[in-house]
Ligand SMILES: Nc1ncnc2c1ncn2[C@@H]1O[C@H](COP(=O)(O)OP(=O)(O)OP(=O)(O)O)[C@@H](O)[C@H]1O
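Take a look at this single chain in structure tokens; it is the form predicted alone.
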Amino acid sequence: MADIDSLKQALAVSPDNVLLMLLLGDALLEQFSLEEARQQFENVLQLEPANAVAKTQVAQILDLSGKSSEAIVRLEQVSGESPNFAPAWLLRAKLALNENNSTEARECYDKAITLDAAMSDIDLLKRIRQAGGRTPTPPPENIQPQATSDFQAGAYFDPDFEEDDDEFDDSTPFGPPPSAASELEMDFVQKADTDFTKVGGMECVKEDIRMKILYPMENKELFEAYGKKAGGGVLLYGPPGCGKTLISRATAGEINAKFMSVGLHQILDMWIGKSEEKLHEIFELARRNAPSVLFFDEVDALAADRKDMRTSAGRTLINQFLAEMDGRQDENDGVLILGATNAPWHLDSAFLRPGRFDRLIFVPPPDEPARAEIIKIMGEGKPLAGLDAAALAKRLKDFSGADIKAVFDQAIEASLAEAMKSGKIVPVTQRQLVKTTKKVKPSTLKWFESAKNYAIYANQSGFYDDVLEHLGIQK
């Protein structure tokens, strides 16, 4: 788990970030700070009332607090609202077993591993069987068991099936069945749907990416002649909302590569060893689909500095991440690993050595011409009247792309309110947009306040020279 203090600092910068709340809640739960952990999950539910992860974690906290009956009721609700959320079914199995209801425990366990074979828990299954829960619910007619081992075949079997401890032999093949791998591919692998032509401005960033990423992958044989491999790791850093995710997706589109965007919630797991296993499976998927772009958003939370961590679980996950990035000489060939962060100074220094995230690209707020381009793109397909993109761009100094979108959203809402009253389309005017710019404040200024200190006082390696140059500060 990432360091609790670092996560709290990150949440202070991004207070509505659901992924950070979930990560902080998990970290607090690992420290057995139940009340604080529950508060984080409740905060998530205020923003996303249907969030199954937060609801399941609240149920786990209730069980740990001695309120097992309430926990079971809540889990039943989660299973009803999100029937395909495997962790809720697995936790239900454990709580049912604690209540000596082995039959229900077995039914919930079978449901969990049918949804996600990677959640198989041999110890839990043994306990359920010892308690008498041997007969699973018959499989739905449209589900066919796909097994690669005796253990996996045991998800559905006849009541007369003879079982013994041999099926738990150490030789049992490890990993999900083929169907699980294909489901993972469906969840992660995407065809990039954009390219640089659809990214407003950012010309310096685009050229930097071309030199460091695109040309090596487009001219693979030429670079190999010089002993250079296509792929590797690139870290994009800068203020929030300035297009790091968009430019990553566009990078994949430029080289016609598969794009895989990985969120923290898709890796982090409450069970020991599961997070490392998920991370390995994602890297294996990227290797099978090369050329591919593997994008980790908010990578600082996943790759935080190990010396700041109080538990071994987070350090183990970081070690796994480092091992996957290193790979064998040809293992990651054709896999471009992109990380995006608002706080590069929180990354473990091991990630910044050659061969890992050794190429850093600063993604600054858009300059005036870029802002004008973004405004034009934002205005496409919308009822506008008298839009002067250049004049509006001058008023939006220090605004990120997300800030400009907020200006448009608020102006459109005002016009939409008038349109609903009149029953006719009311265009968004230049005057209305200018008026809205006074209500929206640039979000980048707070980031530069923090970045300035790191760039001046913690920049011995020169990583943050681009920040100093942007601020006009002499090195």
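Start at 1 with the first residue shown and count on from there. The structure presented is a predicted model; accordingly, all values stated were derived computationally and were not measured.
If you look for the form predicted together with the named molecule, you will not find it shown, but the lines that follow are about it.
Although the partner isn't part of this model, could you tell me whether Gly200 comes within 4.5 Å of the named molecule in the model of the complex, counting any heavy atom of the residue? Contact with the named molecule, yes.
Contact test in the model of the complex: Thr194 vs the named molecule, heavy atoms, 4.5 Å: Although the named molecule is absent here, Thr194 would stay clear of it in the model of the complex, with no heavy atoms inside 4.5 Å.
Contact label in the model of the complex: Ala257 to the named molecule, heavy atom within 4.5 Å: No - in the model of the complex, heavy atoms of Ala257 and the named molecule never come within 4.5 Å of each other.
Heavy atoms within 4.5 Å of the named molecule in the model of the complex: does Gly243 have any? Gly243: yes, in contact with the named molecule in the model of the complex.
Select, from the options 390 to 398, 216 to 224, 96 to 104, 233 to 241, the stretch whose residues sit within 4.5 angstroms of the named molecule in the model of the complex by heavy atom distance. Every other range fails; the passing one is 233 to 241.
Report the residue, out of Val262, Leu90, Met378, Ile209, that has at least one non-hydrogen atom within 4.5 angstroms of the named molecule in the model of the complex. It is Met378 that has a heavy atom within 4.5 Å of the partner.
I need to confirm a contact call. Of Asn342, Ser292, Ser275, Ser79, which residue comes within 4.5 Å of the named molecule in the model of the complex, counting heavy atoms only? It is Asn342.
Ile374, Ala402 and Lys405 all contacting the named molecule in the model of the complex, non-hydrogen atom within 4.5 Å: All of them do, each having a heavy atom within 4.5 Å of the partner.
Need the contact residues for 24 to 50: heavy atom within 4.5 Å of the named molecule in the model of the complex, sequence order, or none if there are none. Stretch hits: zero.
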